[in-house]
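Have a look below at one chain only, the form predicted on its own, in structure tokens format.
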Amino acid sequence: MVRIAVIPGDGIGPEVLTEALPILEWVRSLGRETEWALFPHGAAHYLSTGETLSTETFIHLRDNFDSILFGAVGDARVPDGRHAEDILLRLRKELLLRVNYRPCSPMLDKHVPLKGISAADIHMEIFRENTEGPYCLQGETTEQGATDFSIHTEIAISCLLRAAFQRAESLRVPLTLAHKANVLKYGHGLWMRVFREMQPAFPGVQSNAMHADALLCALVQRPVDFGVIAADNFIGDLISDLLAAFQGGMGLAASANLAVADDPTLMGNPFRCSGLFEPVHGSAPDIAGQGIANPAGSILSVALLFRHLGWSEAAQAVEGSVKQALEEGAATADLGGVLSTREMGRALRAGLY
């Protein structure tokens, strides 16, 4: 029995996740035994109870569930974002979900905004380190200014890069490390050292490192040259949002936060929960409650969840249903259409039944 924790969160999170949940019911028709439980954690829960994510709840998620399906967090009623940090970033860090995996495979030519480039020309995957970098949430504000710290450890870097090399090897595509070691000589210097030390172990992978700013330019000019891209938390975040535009926008982008099987920190004490799956778009407070958010990213995140579980047939069916609906013209406002979130959800799932 696969157990999935569902955390809708804030903003459009509950709206888009509502359209993804029927797929957890549908997959049972393929003989996959699943059950899921809903958790209330988000801004409303925090404001009413003062609880972000208690130690008891964290342990429950860690030990009693295989994966987490997540909506979004972020609410103006909590201006310091404390609840978002304590929920999402804590889950990523304390579950040791080292890899933030964000695929970029556009489905329709019309969604690709690059001149002369078709959807079939682009298939890229971002491997973003997920627990360190500038997102370690350490720093201070003084009368003189402010300081943010960035943390990079060899364990985390090695886990991320090994996973990226293995993926590039299996797909037979090039691997590019995005860095700024020319300026960030210590943290990104460590990334470069680990990368160079790892290259000989993967002789079949065409691998190179590029300055992140040059890479951003190259991604727009010649996206067909790239396969797997590895980066730290901050740079990987920026690159993956650019690639979301290649897919048709943030509403179509899915992501997975994954534990690494050979993570030395986990050896001898693996957690049951090994993945968190979420759309890339965030809580989008400007459109929350209007019923116009695109649920495709959330539904495609369920496909990533199924792949993580080894259910490739189910994942392909979900992706095929989404593509079929898009080809037939299903579109919310972000794609130039008029469908509501609920109508779009029904259209995206129609090919499954």
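One-based numbering along the sequence shown. Since we're looking at a predicted model, the values are computed, not measured.
Beyond the structure shown, there is the form predicted together with 3-isopropylmalic acid (IPM), which is absent from this document and is the topic of what follows.
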Heavy atom distance at most 4.5 Å to 3-isopropylmalic acid (IPM) in the model of the complex, all of 151, 188 and 191 | no
Can you say which of 138 to 146, 86 to 94, 115 to 123, 222 to 230 gets within 4.5 Å of 3-isopropylmalic acid (IPM) in the model of the complex, counting heavy atoms only?
-> 86 to 94
Exercise: residue 128 in contact with 3-isopropylmalic acid (IPM) in the model of the complex, heavy atom 4.5 Å | yes
So, in the model of the complex, is residue 98 in contact with 3-isopropylmalic acid (IPM) at a 4.5 angstroms heavy atom limit?
-> no
With the cut-off set at 4.5 Å between non-hydrogen atoms, does residue 102 touch 3-isopropylmalic acid (IPM) in the model of the complex?
-> yes
Using heavy atoms and a 4.5 Å limit, would one call residue 169 a contact residue for 3-isopropylmalic acid (IPM) in the model of the complex?
-> no
Residue (of 161, 239, 280, 175) lying close to 3-isopropylmalic acid (IPM) in the model of the complex, criterion heavy atoms within 4.5 Å = 280
